[in-house]
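Here we start with a single chain on its own, the form predicted on its own, put down as structure tokens.
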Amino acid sequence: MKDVNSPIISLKDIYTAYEGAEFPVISGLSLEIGHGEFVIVGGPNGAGKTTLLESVNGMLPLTHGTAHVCGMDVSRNGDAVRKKTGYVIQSFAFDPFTPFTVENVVMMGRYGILGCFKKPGEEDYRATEESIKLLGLEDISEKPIGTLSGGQQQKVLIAQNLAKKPDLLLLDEPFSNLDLCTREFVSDILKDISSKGCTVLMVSHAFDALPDKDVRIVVMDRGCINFDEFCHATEVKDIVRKMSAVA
């Protein structure tokens, strides 16, 4: 049972660096995020936003400091953390001849929970079907993922991660391939899952279709946080521009 009184993300004085890099990308960063929060991370290119998500998810090892996510030490329990976490990456590319259908790809979100060599059960098929329906993908569920547009593929990856029923959803530029109408559609879905207790941590440069609610905005620059406050979604764009200019 998760302890909703403890932060779902607790980063203390973390430093992270890519292999072979002379300097760390993130330097002395501390951050706590509670259950059910909707957090938007903004800032200029190269600020360390994607690195922050990779550090939270245990994909990039810390060189200093501690990171606890979902009540676990990420450095020691990375696999267990990722079972409770969804992560929609920014850069993806599917070969046009990729044989997997939309349904196959969404089902892959369940495999990390199932473990090796276990066949999907009724719960897995139900979660897959629910995610496909939630993202409006029913009409293309049998199509190969490689034949879809970039926007459709992005919706499939979001559905894949929602099929995990995560406690924490990490999104890196989830609106980048979506038109405004679809952005608003996806934004409403994220608002709904956040209201039900799933924490959303989203890196974005697009602020024109954010959920109509109070959110937390974290602005980064050069591997550090220079702004961290709650505000209404309509204020996010101006805050990010102002704080990025100051930096």
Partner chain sequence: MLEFLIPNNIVCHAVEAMLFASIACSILGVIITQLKISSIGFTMAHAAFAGAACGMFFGFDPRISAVAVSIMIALLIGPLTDLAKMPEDTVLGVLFGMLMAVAVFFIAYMQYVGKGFNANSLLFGDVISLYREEIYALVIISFMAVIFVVLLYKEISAIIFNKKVAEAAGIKVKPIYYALLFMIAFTVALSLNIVGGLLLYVWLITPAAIAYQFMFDVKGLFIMAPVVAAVISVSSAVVGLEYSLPVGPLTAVVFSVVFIIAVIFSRKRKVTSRKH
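Worth saying up front: this structure is predicted, and the values here are computed from it rather than measured. Positions refer to the first chain, counted from 1.
Below, we refer to the form predicted in complex with the partner chain, which is not included among the displayed structures.
Checklist entry - For the spot marked by 46, 230 and 233, is every residue within 4.5 Å of the partner chain in the model of the complex through some heavy atom? => result No: none of 46, 230 and 233 comes within 4.5 Å of the partner chain in the model of the complex.
Checklist entry - For the chain seen here without its partner, which of 117 to 125, 67 to 75, 131 to 139, 173 to 181 has a heavy atom within 4.5 Å of the partner chain in the model of the complex? => result Contact-bearing stretch, as computed: 117 to 125.
Item to check | Sole residue of 158, 148, 168, 105 within 4.5 Å of the partner chain in the model of the complex, by heavy atom | outcome: Residue within 4.5 Å of the partner: 105.
Item to check | 4.5 Å heavy atom contact, residue 98 to the partner chain in the model of the complex | outcome: Because a heavy atom of residue 98 falls inside 4.5 Å of the partner chain in the model of the complex, the answer is yes.
Item to check | Contact test in the model of the complex: residue 22 vs the partner chain, heavy atoms, 4.5 Å | outcome: Output for residue 22 is no: heavy atoms all beyond 4.5 Å of the partner chain.
Checklist entry - Can residue 209 be called a contact residue for the partner chain in the model of the complex at 4.5 Å between heavy atoms? => result Looking in the model of the complex, residue contacts with the partner chain do not include residue 209, since no heavy atom lies within 4.5 Å.
Item to check | Touches the partner chain in the model of the complex: residue 62 (any heavy atom, 4.5 Å) | outcome: It does not: once the partner chain is placed as it appears in the model of the complex, residue 62 has no heavy atom within 4.5 Å of it.
Checklist entry - Out of 42 to 79, which residues reach within 4.5 Å of the partner chain in the model of the complex, heavy atoms considered? => result If the 4.5 Å heavy-atom criterion is applied to the partner chain in the model of the complex, 42 to 79 yields 54, 59, 79.
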